[in-house]
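The chain below stands alone, shown as structure tokens; this is the form predicted alone.
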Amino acid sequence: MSTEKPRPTFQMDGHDVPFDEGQSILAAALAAGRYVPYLCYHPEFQPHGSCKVCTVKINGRTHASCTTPAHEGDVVESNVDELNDMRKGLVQFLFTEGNHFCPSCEASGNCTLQAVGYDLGMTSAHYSPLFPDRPLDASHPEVLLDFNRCILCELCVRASALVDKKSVFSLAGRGIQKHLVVNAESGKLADTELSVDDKAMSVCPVGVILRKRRGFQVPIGERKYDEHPIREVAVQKQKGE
């Protein structure tokens, strides 16, 4: 007879979700196959809750699910109109603050922001676009940076610092002036040690960090979110599949 202690659970939208000690609400939900929208979360990095798209209600109060540890008996609401409307508004603001024109973007079909927007039923940015004027950086022989699409998720910052040990990227400024920068005296990517094999190259959820001479190599219709909706991709990613 098995003496293994059953895992504790919390309830999400009427379903029991098992979790491990110290696991966040978001990580546990995804591991159990229950999707919660997110943008700045990545299972390989410590979450910091910057985008707030993963906000849920826990025992009646709102929390970022990526940074909130699960506790046995918690009652969590996620897939409800109130929260989905809030998430949709946040995504619309991100489209407004950056230059996100999906039909002409190389990341279309591979873009988490675009996929989350589709999942939330977003059909327009709703708000008047700000049209930021941020320069492109094509100085690196193999990589192009389009700062106009940055959503300040900090995934490239953390990947470069924690995995690649190069600290190529960082954020500067505050509020509406906050933006991604390259850590070089010249401010140019060519004057860093960035390699196409770096982890920082693969974590951007939008179309900021691009390989040169690879544009539209995978046809539209055959890309990540073309083949599988983000609800499936996010769950598979958490499980390491």
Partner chain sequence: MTLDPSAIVARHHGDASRLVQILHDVMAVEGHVAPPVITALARALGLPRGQVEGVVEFYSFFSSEPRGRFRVLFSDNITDEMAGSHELRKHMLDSFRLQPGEVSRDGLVSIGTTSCTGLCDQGPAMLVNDRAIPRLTPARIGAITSLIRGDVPVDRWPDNLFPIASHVERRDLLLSTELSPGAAIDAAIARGAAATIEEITRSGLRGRGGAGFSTGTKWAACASAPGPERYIVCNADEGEPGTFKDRELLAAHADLLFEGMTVAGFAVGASKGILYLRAEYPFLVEPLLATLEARRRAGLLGERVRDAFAFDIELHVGAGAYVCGEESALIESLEGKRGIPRNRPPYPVTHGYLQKPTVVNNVETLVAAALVATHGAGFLRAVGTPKSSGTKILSVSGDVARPGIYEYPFGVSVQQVLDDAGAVDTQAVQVGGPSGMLLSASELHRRIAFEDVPSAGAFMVFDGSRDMLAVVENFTRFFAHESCGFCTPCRVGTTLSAQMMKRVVSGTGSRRDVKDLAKVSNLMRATSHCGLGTTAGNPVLDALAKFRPSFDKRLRSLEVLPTFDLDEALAPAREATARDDEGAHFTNQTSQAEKP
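Positions refer to the first chain, counted from 1. All of these numbers come straight from a predicted model, not from anything done at the bench.
This protein has a second form, the form predicted in complex with its partner chain, left out of what is shown; the following refers to that one.
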Sort through D74, E154, E106, D146 and report the residue having a heavy atom within 4.5 Å of its partner chain in the predicted complex. E154
Listed residue (A32, A190, V196, V181) with a non-hydrogen atom within 4.5 angstroms of its partner chain in the predicted complex: V181
With its partner chain left out here, work out from 22-30, 211-219, 198-206, 171-179 which stretch has heavy atoms within 4.5 Å of it in the predicted complex. 171-179
Does E97 reach its partner chain in the predicted complex if we count a contact as any heavy atom within 4.5 Å? yes
Consider C102 of the chain shown here, and say whether it contacts its partner chain in the predicted complex, taking contact as heavy atoms within 4.5 Å. no
Taking any heavy atom pair closer than or equal to 4.5 Å as contact, tell me whether A138 reaches its partner chain in the predicted complex. no
May I ask you to check whether V36 falls inside a 4.5 Å heavy atom distance of its partner chain in the predicted complex? no
Residues in 116-137 close to its partner chain in the predicted complex, defined by a heavy atom within 4.5 Å, in order: H126, Y127, S128, L130
